[in-house]
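Only one chain is shown below, in structure tokens, and it's the form predicted on its own.
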């Protein structure tokens, strides 16, 4: 008697989300099975990786992740074009770090100009991220949403403290939206409900349950993301069915393991390889937990994860 692989079937489905315009638009989500379990159902779209860039030089990035971009990171337009044309990025994530009041405190107008300049230079989809200062982001992301009108960008991140203005801007300018809560499935569900009650289409929403790096609470992040995905599929919970984003790079490249010198901790091995492996391992783990969109930094880590996605798919 031939062996028959046991299969699970689910009543729910993750919403597919398309970002960008024209031939370079990309779609992620849309599956009705757990990650990489295509033998059980439909997985029409592979996960998408976006390269992170900033509006200001990344002075707070470790040397090993600054180095690949040292010739272009002084100009966000050149940086974006390098990621698209040289590295083959499928999407760009522009983080407006310089708008934070504790950094350069750039204005909403400055940010809007940067968004326009970057959009004019690239053809791949753009993800527009604030500085994670709730009050300032509510000004900056409104201006940026208007500057990118009808470009089908992703605007983020809307949080409980500022979601109303950001949701309204995303709706008015026809963008997708990232909703971020702090590692709690109930908070994530509540925020998604509040946003959709404003009239925002749940099929244009992307959930950010908040990420963490390997060794820094990854197990908890994994558990929350897994529960969100199971709620979407097994319980057919429409509020949990938007695809998820994992903002990997910003969490990985600030921890000790990606920065500690070999002279101080020789048992940890080669620093350059260590950082790349840490980002790739974190990203792969979050893919398995349910993320469909990744935001990453180091080109070698991106290449490793792209290979992982190809092999697992």
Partner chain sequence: MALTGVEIFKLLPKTNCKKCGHPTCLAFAMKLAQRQASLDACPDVSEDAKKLLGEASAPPVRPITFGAGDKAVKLGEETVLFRHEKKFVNPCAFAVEIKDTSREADVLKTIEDVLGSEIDRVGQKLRVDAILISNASGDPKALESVSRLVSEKAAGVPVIISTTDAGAAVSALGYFKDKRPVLFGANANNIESMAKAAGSFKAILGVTANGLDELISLTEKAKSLGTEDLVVDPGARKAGGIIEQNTIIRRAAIKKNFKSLGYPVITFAQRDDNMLESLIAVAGVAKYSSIIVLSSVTKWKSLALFTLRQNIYTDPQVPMQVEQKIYKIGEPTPESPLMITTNFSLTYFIVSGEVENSRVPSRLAVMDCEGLSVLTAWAAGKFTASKIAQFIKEAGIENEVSHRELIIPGYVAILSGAIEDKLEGWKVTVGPREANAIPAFLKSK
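Here the structure is a predicted model, which means the values were calculated and not measured. Numbering follows the first chain given and starts at 1.
The form predicted together with the partner chain exists for this protein as well; it is not shown, and the discussion that follows is about that form.
**Q.** Interface membership of residue 27, the partner chain in the model of the complex, 4.5 Å heavy atom rule
**A.** Judged by the heavy-atom cut-off of 4.5 Å, residue 27 is well away from the partner chain in the model of the complex.
Q) If you check in the model of the complex, is residue 278 within 4.5 Å of the partner chain, heavy atoms only? A) Answer yes; at least one heavy atom of residue 278 falls within 4.5 Å of the partner chain in the model of the complex.
Q.
Within 4.5 Å, heavy atoms only: does residue 123 come near the partner chain in the model of the complex?
A. No, residue 123 is distant from the partner.
Q.
My question is simply whether residue 109 lines the interface with the partner chain in the model of the complex - judged by any non-hydrogen atom within 4.5 Å.
A. Residue 109 lies outside the contact set for the partner chain.
Q.
Contact check in the model of the complex: 36, 214 and 220 versus the partner chain, with a cutoff of 4.5 Å between any heavy atoms. Do all three pass?
A. Yes, the whole candidate spot contacts the partner chain.
**Q.** Among the candidates 227, 149, 116, 202, the residue which, in the model of the complex, approaches the partner chain to within 4.5 Å (heavy atoms)
**A.** After the contact test, the surviving option is 227.
Q) Looking at 64, 285, 54, 43, which has any heavy atom no more than 4.5 Å from the partner chain in the model of the complex? A) The residue in contact is 285.
Q. Of these, 260 to 268, 43 to 51, 243 to 251, 56 to 64, which stretch puts a heavy atom within 4.5 angstroms of the partner chain in the model of the complex?
A. Selected range: 260 to 268.
Q.
Residue by residue through 284 to 308, which ones have a non-hydrogen atom no more than 4.5 angstroms from the partner chain in the model of the complex?
A. The stretch touches the partner through 284, 285, 288, 304, 305, 307, 308.
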